[in-house]
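Two forms of the same protein chain are encoded below as structure tokens; each is given separately, as structure 1 and structure 2.
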Structure 1
């Protein structure tokens, strides 16, 4: 029996049939090679940092293998989580408990049972990891509370010296200082930075996968999907899977990817994403406390305030994950109708500052953009994709 689309394109799991190996721009070596070298060296902690949805977890699983990897997440920690207890539990070792020891006293032949408490020590866990050649991956380290991150770093420092192997995975700029800027760990770190995906590498996912399914895809179409995937292999996998669903629904006998179905596939893909509240917050901006905002007349004849315009500017073509201030200004000027008043630079910067403040106060799902030093970064590719294709009024058609 042939392969099924959901086995080939796996946006949420290990892509057995569509795994692509990439080279890092920093060197000519593949990420797999660099990571496997890093974990081979005893006494070093590996810090893997990269933007959201770029394949960090999958890379660890590929290189270490499911038999040797033990995964914990920063989200598993709260203020009073005992690090070694958590590690023991995830490894399948019982950390604390009671053992029964039976002894018989000859004279009476009575049998006594005593219960003794035991606590698996950190040393035993380290020894177990060494014996079984296990590697601990602390994924999404940024989710652990800040104070906890420092404590974990201290524990790791001591453990790696004794041959314990661990990889700490986190987003850039958020949580890596506990590891990368920790003086105690300097000289004992292997650093691997995961870069966003290039269009050429993303295209390979489509070509490989559709090839396995016996569905033809032209290079130019694979390229269009890759551009729309905003440097994320996860989006690429999602879109390709939805294209398969559409082909199965419409013309299962027609085994090629037609350009007409792309926009529908993009739109379907957004059904899995929940950014409605985030978009609403960005469009609304901070509380105006009763004051009216300036409105600008756009090319579509409608009036928008600056916050609504800023959201619109993100949607424009080509999709960009990094927008310098000049690009934002240019896009805003183009959206506003010719001959009408254009937004002023000072007001634009002020609104961006306010948006940043607004997002900083909110939960992680809201942290989709980062405005710093005159550049706006889209932190979450799925958010920009949702913005471009999710809502009918924005849909880029």
Structure 2
């Protein structure tokens, strides 16, 4: 039996048939080699930093293996979380409880049982990890509260000295000072920066995958999909899988990817993306407290306030995951109708600051952008893809 599309293109799992090995711009060593080397160095903590949906977890699975990874997330922590208790639970170890112990009374031969409380110590957990050659992977470390990040860094410093292996995964522009700028960890860090995927690397996923399925794809079409994937291999896998679904639904005998199918595939890819409330919040912005906002006339003849314009500016071509303030201002000016009043720089910056404050107060799914030091980062490529292809008014940009 031949391979199925879902076997080849796997956006949410390890891509057995479409795994692509990469190197950084500044090294001739593969990321696989560098990570393998890092976790073999005794007494060192590995810091793995890269944009969201770039395959950092897949890299760990490739190098370490599913059976050796114990994964926790920064989102699992709050102010009261016991780090070692969380590690024990995720490992399948009983951290605390009661055991029965039996005793016999001398001369009478009478037996009785008592219950004794136990608490698994940090040393026992570290010993278990060493004996079973396990590796703790802390994903999305930036989601943990700042005070907890500092505490975890202190705990890891002591643990790695005893042979405990751990990898801390975070975003490049988020606060990772608790690890990388921690004086106590100085000289004990293996630093690996995962760069965004290049179009050429993403194209290889399509070429390799469609080749496995005996579906022809032209280089130019593979490049169009790669550009729209926003440097995310996960998104590339997702789009390619939906292209296969459309081919199977409409013409299963026609074994090639045609350009007219792409926009439909992009839209179908957003079907299960839950960003509608996020987009609505961004467009609405903070509470106006009864004040009227300034409106700007766009080239389409409609009027928008500044928050609505900012959302529209993210959709513009080319799709970018990082926008300096100058790019944002230029895009806004181009959206607003020629001859009309343009948004002022001060108002734009204030609106971005208020949006950041608004998102910081919400759940993790709302933290899709990060306005920091004059640059707007799109944290989640799936969000930007949804903006471009899931929203009715932007669907066919």
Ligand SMILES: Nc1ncnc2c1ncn2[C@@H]1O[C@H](COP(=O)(O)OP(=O)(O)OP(=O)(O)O)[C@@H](O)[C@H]1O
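All figures in this text were calculated on a predicted structure; none of them were measured in a lab. Positions refer to the first chain, counted from 1. Definition used throughout: the rigid core is the maximal C-alpha set that superposes within 1.5 Å between two forms.
The form predicted on its own corresponds to structure 2; structure 1 is the other form.
When the rigid core is held fixed, the Cα atom of residue 203 travels less than 2 angstroms between structures 1 and 2.
With the core held fixed, the Cα of residue 302 is displaced between structures 1 and 2 by less than 2 Å. Once the cores line up, the CA of residue 126 ends up 2 angstroms or more apart between structures 1 and 2. In the core-superposed comparison between structures 1 and 2, the CA atom of residue 146 travels 4.6 Å.
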